[in-house]
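Below sits a lone chain in structure tokens, taken as the form predicted on its own.
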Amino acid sequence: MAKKKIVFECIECGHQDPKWLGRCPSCGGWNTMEQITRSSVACNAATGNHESPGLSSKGTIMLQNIDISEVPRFSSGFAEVDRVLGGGIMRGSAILLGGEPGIGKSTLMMQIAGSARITNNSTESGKILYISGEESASQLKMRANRLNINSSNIEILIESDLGRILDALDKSKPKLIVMDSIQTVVSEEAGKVPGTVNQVKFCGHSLISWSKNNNAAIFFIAHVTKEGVIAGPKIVEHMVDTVLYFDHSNSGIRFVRAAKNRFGSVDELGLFTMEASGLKEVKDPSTLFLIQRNDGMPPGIAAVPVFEGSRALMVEIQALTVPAKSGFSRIYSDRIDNNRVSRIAAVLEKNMSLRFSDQDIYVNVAGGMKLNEVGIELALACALYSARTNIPFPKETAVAGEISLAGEIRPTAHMERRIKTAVEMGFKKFIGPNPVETMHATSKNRIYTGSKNISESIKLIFSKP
């Protein structure tokens, strides 16, 4: 017979206590504790505490006896998504995908459901279950027709009740699950209002447990707040294996980045464009962030190869300086950190006798990509110098390097790859740090010139031949 347990639970944060309290000790909310009666058997069933395949009756298994003969990953059908995930979708993994409303999260997941290659043989089930708590079946069918989706292995479930979702999973036994979205799932065990902190935690844990016990991959689509972070408790991001953010630039390019990845790197970047037939991969991103000009470069622009995961991309850093209107200078930069811009401007002011303290500084990156690596600092310095002196940056020149507070140019990672990318893009001159031992091969390249400090770099770049 199932035992019943009476607890008091906060409807705001999910904190539980054996007695009623006027104020929740966790979130500080007043009169938020409600009495709930929970069945231990129901809880175990809801949270998916089933015996995992290969586990002994005691719940343990020898590490050396674990069978990994099965291919642990399968392709999503998109090379860009596979790159961000670390080589494909890991079986038994939980992936959280967040992004702004209307950016294309459901479109991307429908396309992945139609193109994922789960199995290469006919003996294993390759079923895909798309669970929607926001749209009707006819709406999903219309999207699938618009995207020309192969729906032979896709099953649709329009449901938001956790218990019925788990029953459908037990019957269907899919290998890939899409939950659109996690904020719509509700369970009576966690309250009556969907989307609360406790509901998201409880339902998320239940679905993750089922997927891991059945060696199935599950995607959660999540809403984001006005600040651009995934809505709901931070514990959900800790529960999943991978957290992906779907973002876009003003130019229409969609970016997929990994904020967390237990099975791969978080430095990779997936690039897409939205077209009438759905999301399309950017096959050749080399020219994506460069503006083609027939004449010379305008002042305030510098080209730099940036390293994103396993590939180098050529981007343009744009800078503009104007006299400060409010009596003190301000920095406007949403693609490069303001503190980095301020530090590079201070180094230029110290070493090149330029004054930025009475200037408003505007910095942008062509294509809308956000840059965080240190290798862009020399290009940022060149863009600021060019904007302040109104001297154009040479058209066929690229730069890369880190700048110290003393004005020294320090080596940065993957210089050989950066130089190779610049050569392939037609650049005839490359300025960077003095070659180190690992750069012997590239230092012999005719286009490369090393410099030891910012003053020397500026003279090499902007001096007339």
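Treat the numbers as computed from the prediction; the structure is a model and nothing was measured. Start at 1 and count along the sequence shown; that's the residue number.
There is another form of the same protein, the form predicted together with thymidine-5'-diphosphate; it is not shown, and what comes next is about it.
Novice: Is S106 close enough to thymidine-5'-diphosphate in the predicted bound form to count, meaning some heavy atom within 4.5 Å?
Specialist: Yes, S106 sits close enough to thymidine-5'-diphosphate in the predicted bound form that at least one of its heavy atoms falls within 4.5 Å.
Novice: Does thymidine-5'-diphosphate get within 4.5 angstroms of any non-hydrogen atom of E100 in the predicted bound form?
Specialist: Output for E100 is yes: heavy atoms within 4.5 Å of thymidine-5'-diphosphate.
Novice: Is S152 a contact residue for thymidine-5'-diphosphate in the predicted bound form, using a 4.5 Å heavy atom cut-off?
Specialist: No.
Novice: Taking the shortest heavy atom distance, is R143 within 4.5 Å of thymidine-5'-diphosphate in the predicted bound form?
Specialist: Yes, R143 is a contact residue.
Novice: Could you spot which one of S357, S277, N390, S353 gets a heavy atom to within 4.5 Å of thymidine-5'-diphosphate in the predicted bound form?
Specialist: Residue within 4.5 Å of the partner: S277.
Novice: I need to confirm a contact call. Of I291, L147, L320, M297, which residue comes within 4.5 Å of thymidine-5'-diphosphate in the predicted bound form, counting heavy atoms only?
Specialist: Of the candidates I291, L147, L320, M297, L147 is the one lying within 4.5 Å of thymidine-5'-diphosphate in the predicted bound form.
Novice: For the interface check, one of 78 to 86, 368 to 376, 106 to 114, 157 to 165 should have non-hydrogen atoms within 4.5 Å of thymidine-5'-diphosphate in the predicted bound form; which one?
Specialist: Partner-contacting stretch among the options: 106 to 114.
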